[in-house]
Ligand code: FRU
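In the block that follows, a single chain appears as structure tokens, in the form predicted on its own.
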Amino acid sequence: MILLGAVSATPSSAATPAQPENTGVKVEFISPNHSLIRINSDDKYLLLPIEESQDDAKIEIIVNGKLEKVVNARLAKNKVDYMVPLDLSGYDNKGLVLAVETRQGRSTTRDIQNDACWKALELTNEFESTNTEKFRPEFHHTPLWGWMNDPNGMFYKDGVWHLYYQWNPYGSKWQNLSWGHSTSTDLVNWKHETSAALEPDALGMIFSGSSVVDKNNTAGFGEDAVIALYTAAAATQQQSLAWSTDDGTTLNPYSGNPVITLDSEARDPNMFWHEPTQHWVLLLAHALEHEMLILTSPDLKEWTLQSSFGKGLGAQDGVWECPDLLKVKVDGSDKEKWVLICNLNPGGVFGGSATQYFVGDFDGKTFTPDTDAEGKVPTKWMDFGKDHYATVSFSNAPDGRNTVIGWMSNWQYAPEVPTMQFRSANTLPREVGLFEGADGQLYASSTPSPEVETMRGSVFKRIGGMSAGTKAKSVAIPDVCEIVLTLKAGKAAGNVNLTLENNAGERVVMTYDPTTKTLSFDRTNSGITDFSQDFPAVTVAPTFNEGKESVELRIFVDRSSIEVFEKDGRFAMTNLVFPNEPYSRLTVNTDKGSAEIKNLTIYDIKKN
């Protein structure tokens, strides 16, 4: 569990011209929008003062006249929201120059001299990363600081789960996209590997991709080498390769990059070994064409286009992104089918970004989707909340598991949520299965990975049975918890409401409709909601419990999110919430008639 973030600071009033208090840093102002930062120190980090409301400044790191690196950061003009570290290790700091170009349209050099950033610049050998954000999750993966979006290149090797992710180390807005890297031995507690595994280079920023363990050395980098394919994004999007012989700690860009080029926008390569045909398979999102390209390769370097899938099928709005293709066993049978995951933005079931999927067959070159009774390919959703996107699987997962993880946000408001130290978290890890619905169709299930149960601490409350009617009944809950219950509506009952609420009057209302067999989630009065018109929302999930009198739920409450699962994963619903104080009660009532709550168990979550 990551509970760390960036330090915040507030500069004192600046002199004219402003200079850092640290004597190892000197600032020279050379034009209305250009400055030089000269460093004469052996310290490891230069702390950059960030103000999120400002435009990006371009910072060129120059060593002995040679441009080494370019980063973009929203350097503070009026106030410092927080600090981020620029790692200087590996440079000759005593000859280091940072050329800074601000983009705020100043008219004279004097205008730039009083910016808050100059006096607040700080050299240090340690970066203080104690969490100061009340909305940082207790049991979901987050970056230590900075912006995060899609999970990338996830793989399992030698008992360790590796999670790369889209990361901006220089602020909590989208920019400087790199691959951050975290590792875990239990899928629950994550260790942040401090350096970016891949950073922008001459081919562009590092967008999404995948990794595999090359057990048979097909790529020639060594047996069990980790091979990553990713999108290098600048004026165009091209697919590049990186390799690692130290279990993914260091990813080395391939000298022959890019390995895949197209004359149209394509991204997010996702690859796996197809045993029957003895070749690698790659899915590539042909984003604006609303299709997935399927390519094959013997060596992960030379790729041949075999087919495409998706034009005119499923949700077609926005762009298609982040594909995956999983072989999944159907519950209660020996039958196996393939599940093609397709993330899209916008066009989600409740607006903005979401994850759809298709069930079908795959022969190593072509994916053929199943059809419904009318011969059509139905649109299916993997999660029925607003905050579940870019879901992809861990390669090489043990025991043939299809373990996935997603980005817990929505492009409609991700840059505006009320955090600054860090921005965004990942969903809980989930296992993908298949089950047959009442209509004869196959649907994907999403259950929390078995490791999630290790988060349970003591039993906070256990009630074998409790009836509720129009008069509400309440049970206290801890600030972060897992709630397990079976809900059964009486024959004359109307809707059954499960409400999470606090003493500030903020609430989330989950309503089970026994007639339509649906569960809705209303966060319109959940806490802070005014940062985006798209955030207050009601989402609705089918429970797939036709013919059953009850529905069994698992509800995970963290500091800024709620994930709801049917016990067997027949539906999942993921939504962010930002209550001003934690929810402290679970209240149950009906619109009419009575309902019964059975086997209500509330677990504390272990805190590290």
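Start at 1 and count along the sequence shown; that's the residue number. For clarity, every value in this text was computed on a predicted model and none was experimentally measured.
Just so it is clear, the following notes concern the form predicted in complex with the named molecule, a form of the same protein that is not shown.
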Residue 207 versus the named molecule, in the predicted complex: is there a non-hydrogen atom within 4.5 Å? yes
Is the gap between residue 321 and the named molecule in the predicted complex 4.5 Å or less for some heavy atom pair? yes
Residue 267 within 4.5 Å of the named molecule in the predicted complex, heavy atoms: yes
Is there a heavy atom of residue 435 no more than 4.5 Å from a heavy atom of the named molecule in the predicted complex? no
Between the options 172, 149, 240, 427, which residue brings a heavy atom to within 4.5 Å of the named molecule in the predicted complex? 149
Just one of 443, 381, 127, 411 has a heavy atom within 4.5 angstroms of the named molecule in the predicted complex, so which one? 411
Kindly confirm or deny that 166, 177 and 389 each have some heavy atom within 4.5 angstroms of the named molecule in the predicted complex. yes
Location of the named molecule contact in the predicted complex, chosen stretch of 149-157, 507-515, 250-258, 272-280 [non-hydrogen atom, 4.5 Å]: 149-157
